[in-house]
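First comes one chain, alone, set out as structure tokens in the form predicted alone.
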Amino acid sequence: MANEVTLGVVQFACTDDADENVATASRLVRDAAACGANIVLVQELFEGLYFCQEESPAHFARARPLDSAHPTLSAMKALSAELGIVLPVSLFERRNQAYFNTVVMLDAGSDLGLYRKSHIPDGPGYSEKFYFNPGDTGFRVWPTRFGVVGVGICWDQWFPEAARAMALMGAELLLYPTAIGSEPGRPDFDSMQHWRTTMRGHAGANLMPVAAANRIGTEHVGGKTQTYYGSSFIAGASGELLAETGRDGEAVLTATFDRARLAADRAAWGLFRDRRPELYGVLATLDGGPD
């Protein structure tokens, strides 16, 4: 594995044309690679509009098996191979009678495996439980040529247990493809700073960089409307913002890290040394009560 790694994040507005979205993603990924990025993060479910605004059986047709006939996965594999980069790809997966919100991890075109979203939200504008089975992969990390990468998907980013689990499994970088924005019925509510702060806390608590890629723009699905607030970012190992972008406009972000330095700092802080797993059994309960 290379010691120095440059992480890239891209942000853009999605249409309901998968070919157009793949072309946009590919163009921005190329831009990130041209800036030196070795790992590039693209937003959640970028093939189309965020259909989970509504509950409609018609949207299940968007899901595909993750095989060689999958056009987006094939295009992203070719792009990853051409550029020699690590590329997590967020897709709506159909597996027999099950449907998952899935990331496939590509490393220079090689398929390293998949992660299926563990935490599935269910609220106005974010009706994901209608579409997605809870992920059955457990949390995943992948040893890539540019470091060990852990990926959570959107709602996973709110759970410190997920970030810590990936860190304990050896992750050096945590990545979160995302689709988040306005809250139907609550036009005065803006979660952006809370969203960022939570993930910056994961960075600081685990002493490793964290990045999130979010979509932008206003999308209309089934008579419903939602605006996504972008604000994609890369945080350093103490939670500091190293690169960020605004709520509007396409963007390419990069930040470079010394993996050996990060590993030495994690060891020196002692946060993993001083853990007391025997005291944390309450985390395996729903109500905090005894077994």
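One-based numbering along the sequence shown. Computed from a predicted model, the values in this text were never measured in an experiment.
Another form, the form predicted in complex with another copy of the chain, is not on view; read the next lines as being about it.
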Checklist entry - Since the chain is shown here on its own, which stretch among 85-93, 217-225, 113-121, 67-75 would lie within 4.5 Å of another copy of the chain in the model of the complex, judged by heavy atoms? => result 113-121
Item to check | Sole residue of 99, 142, 130, 158 within 4.5 Å of another copy of the chain in the model of the complex, by heavy atom | outcome: 158
Next on the checklist: Taking any heavy atom pair closer than or equal to 4.5 Å as contact, tell me whether residue 165 reaches another copy of the chain in the model of the complex.
Outcome noted: yes
Checklist entry - Could you tell me if residue 48 has a non-hydrogen atom within 4.5 Å of another copy of the chain in the model of the complex? => result no
Next on the checklist: Since only the chain is shown here, I'm wondering whether residue 207 would be in contact with another copy of the chain in the model of the complex (any heavy atom pair within 4.5 Å).
Outcome noted: yes
Checklist entry - Is there a heavy atom of residue 282 lying 4.5 Å or less from a heavy atom of another copy of the chain in the model of the complex? => result yes
Checklist outcome for this item: Taking another copy of the chain in the model of the complex and a 4.5 Å non-hydrogen atom cutoff, the residues of 1-35 making contact are none
